[in-house]
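We begin with a single chain expressed as structure tokens, specifically the form predicted on its own.
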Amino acid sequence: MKTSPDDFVPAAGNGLLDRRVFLRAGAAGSLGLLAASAGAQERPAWAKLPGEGMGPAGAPSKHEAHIRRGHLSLQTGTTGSGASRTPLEFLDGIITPSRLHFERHHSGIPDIDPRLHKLVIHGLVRRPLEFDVDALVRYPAVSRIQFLECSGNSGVLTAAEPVQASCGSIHGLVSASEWGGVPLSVLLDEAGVEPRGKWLVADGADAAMMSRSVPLEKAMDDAIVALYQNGEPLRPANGYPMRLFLPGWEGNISVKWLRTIKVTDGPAMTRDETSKYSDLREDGSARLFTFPMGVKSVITSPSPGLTMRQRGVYQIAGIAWSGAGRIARVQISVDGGNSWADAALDEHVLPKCLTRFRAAWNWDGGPSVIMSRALDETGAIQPDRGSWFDGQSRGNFYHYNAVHAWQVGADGESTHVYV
């Protein structure tokens, strides 16, 4: 397909190009900064001798050793309580490799023998039940590609001054995987929930005994007892041998190392849903059970550490997601929000999943402020920073989803700024 001059007409200020550049193969192919030659090449050293032998498991290239979870933060006095973040700036697509999925632990990672671990469903049910892994794998299974986000993700953006860190360090408490397991509704139906049963209390087998209350409506909708992540059994850091997974809701409620589910007539008001994981308001009150994660987007490239070497056409790339469903639209600005243009969305736009977006930018080499904002299928739009703070206590950092900005300097380096 041949390109036309219209393909390179800016769609917004400061050189942002029309999204058709990424929707039309011919236009996209004309953006290359370097042209490849088909001439003869000398065989490189690695092509002259046999390579390494095969092994029992694959490993990343040694040349990509820098791609690893970052910003490891441990709570003082502990060895396993804290978080590590997904390096969003080095990834593409929508699925996070299991080894790079963010982690959040409250008392380390338990070493669980799957032969001895049981899931017990009890409380307001007609028939209490107990399941081990072998029993669960015989039940009807589902698999879905969906995101998981800690409600504290991006919380550093509530600081008075912009924190200077990488994209992953700021926003990396979000990942997406293919989660496989048994619909929780199947197990609850077998147990027989009594009419008075309106909530569940799920707790984990870690030393912290993490516990969260879940409305029965959500449990019967799309919750699963997950056994697999990205096609393999869950890794210990993500809940092996089984975890609760509640699509679109804050990560803390998807209890890892799932041990018991008690059906109750109301929420348990546990430590982790009252003193923590609640939203402080300006008037001193706290909002509880704010489960769904709001519509959100972030530009992963350019971002700090990914230097733009020379003026010319660059790809702006990022991810968007919403706990309410599919992403409908992502807009990009490269002039600090003065003008906006639609980004191209990759082919896979799935419900409650990361969506990859892209835009072409003809950078003139001057200082710029780049931003993204997302709209989901319910009509919810990502708020600006000022709107997000309306009614919030300045001490609250949960569920932050405001529009975020990077400033690209004349040297091609990106820094974090507030707009």
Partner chain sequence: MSMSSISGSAILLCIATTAIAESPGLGEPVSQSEIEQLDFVVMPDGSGLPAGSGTAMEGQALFATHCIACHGEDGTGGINDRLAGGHGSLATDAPAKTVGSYWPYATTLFDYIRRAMPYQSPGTLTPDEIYALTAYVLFINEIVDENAELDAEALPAVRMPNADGFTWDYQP
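As the structure is a computational prediction, the values presented were derived from the model and not from experiment. Numbering follows the first chain given and starts at 1.
Heads up, the form predicted in complex with its partner chain isn't pictured, but that's what we're talking about next.
- Of the candidate stretches 73 to 81, 160 to 168, 229 to 237, 144 to 152, only 73 to 81 has residues whose heavy atoms lie within 4.5 Å of its partner chain in the model of the complex.
- With the partner removed from view, the residue among 90, 131, 340, 314 that has a non-hydrogen atom within 4.5 Å of its partner chain in the model of the complex turns out to be 131.
- Contact with its partner chain in the model of the complex, defined as a heavy atom within 4.5 Å, holds for exactly one of 194, 178, 335, 265, namely 265.
- A residue is said to contact a partner when one of its heavy atoms sits within 4.5 Å of a partner heavy atom; residue 138 meets this definition for its partner chain in the model of the complex.
- Residue contact with its partner chain in the model of the complex: residue 217 places a heavy atom within 4.5 Å of it.
- Proximity of residue 346 to its partner chain in the model of the complex: non-hydrogen atoms within 4.5 Å are absent; the residue sits far from the partner.
- In the model of the complex, its partner chain lies farther than 4.5 Å from every heavy atom of residue 252.
- For the stretch 284 to 299, the set of residues having any non-hydrogen atom within 4.5 angstroms of its partner chain in the model of the complex comprises 284, 285, 286, 287, 288, 289, 290, 291, in sequence order.
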